[in-house]
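In the form predicted on its own, a lone chain appears below as structure tokens.
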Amino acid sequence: MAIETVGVIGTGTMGNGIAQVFAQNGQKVVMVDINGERLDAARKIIEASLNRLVKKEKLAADQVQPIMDRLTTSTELAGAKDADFVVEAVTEDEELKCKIHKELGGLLRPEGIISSNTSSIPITLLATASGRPERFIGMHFMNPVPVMKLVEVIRGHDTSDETTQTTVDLAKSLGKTPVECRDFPGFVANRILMPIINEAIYTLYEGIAGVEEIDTIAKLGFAHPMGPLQLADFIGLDVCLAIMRVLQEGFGDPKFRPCPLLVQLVTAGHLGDKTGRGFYTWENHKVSGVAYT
């Protein structure tokens, strides 16, 4: 199945990155968000990202405008009704995602494929909500999308072989490395990553070491490019908490209990990079100091 038009639902960090890589790959992209101002901001963010690639000599300057021309926007889900393939990338909220997929399932033509970029919510649940489970799949990109190569491809209980193969081929066309995994809470990446982050937060919470010390030990001891606390800020502490709660509910295992400090910071609205404060303080998406001492 040829994928010529892609719908991207949601214009957060992930949605913007996903839209960019598809537009760079030659697809027409319809970006959908209920907030028109966010759509305008998304276009500016993508254009700025493309211009950074030009400065790094990874993209020709005369390619920027054609890529931007392939991006259109809509404040209605119906704006994506003619898409061959849709990627939902809204906030990690099960009720909201199910509502969106139910509507999308009734909008797209029968051969259209719906995917979710969810980082932890069961694909079978969302596929059932869509009413077209054979044409539904998980396509979990990593952040930042234009840079990271991995895409987790998650089949729901009734996802067809054709849908899976189309998604795998599509990911490869984007220059990504698709890896198939089963539909379990957190899939593979976040089932491993989030407990690491959560344990790092417990280590801080229990006073074993400070923010910078914990991250330095992880970077130098495990050869990680970014420490777990900085990574948590980068991902968004609210996202980390949402995933931990999905893991806890999905497995019923106390080892997935979110650290009380994580809950406290999210409750206080200190979500990391997106709010300028989490474990670190942030300015222009760069760490400017330590916020939690």
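In case it trips you up, residue 1 is the first one in the sequence shown, and so on. In this text the structure is predicted, and so the values were computed from the model without any measurement.
Just so you know, the form predicted together with nicotinamide-adenine-dinucleotide exists too; it's not on screen, but the next bit is about it.
Contact annotation: residue 13 falls within 4.5 Å of nicotinamide-adenine-dinucleotide in the model of the complex, judged by heavy atom distances. At the 4.5 Å threshold, heavy atoms of residue 84 stay clear of nicotinamide-adenine-dinucleotide in the model of the complex, well away from it.
The shortest heavy atom separation between residue 96 and nicotinamide-adenine-dinucleotide in the model of the complex is within 4.5 Å.
Contact annotation: residue 92 falls within 4.5 Å of nicotinamide-adenine-dinucleotide in the model of the complex, judged by heavy atom distances. Across the options 178 to 186, 135 to 143, 200 to 208, 163 to 171, residues that bring heavy atoms within 4.5 Å of nicotinamide-adenine-dinucleotide in the model of the complex belong to 135 to 143. Using a 4.5 angstroms heavy atom cutoff to nicotinamide-adenine-dinucleotide in the model of the complex, all of 9, 33 and 100 count as contacting.
Of the residues given (53, 67, 235, 262), 235 alone sits with a heavy atom within 4.5 Å of nicotinamide-adenine-dinucleotide in the model of the complex. Among the residues 130, 159, 115, 119, the one placing a heavy atom within 4.5 Å of nicotinamide-adenine-dinucleotide in the model of the complex is 119.
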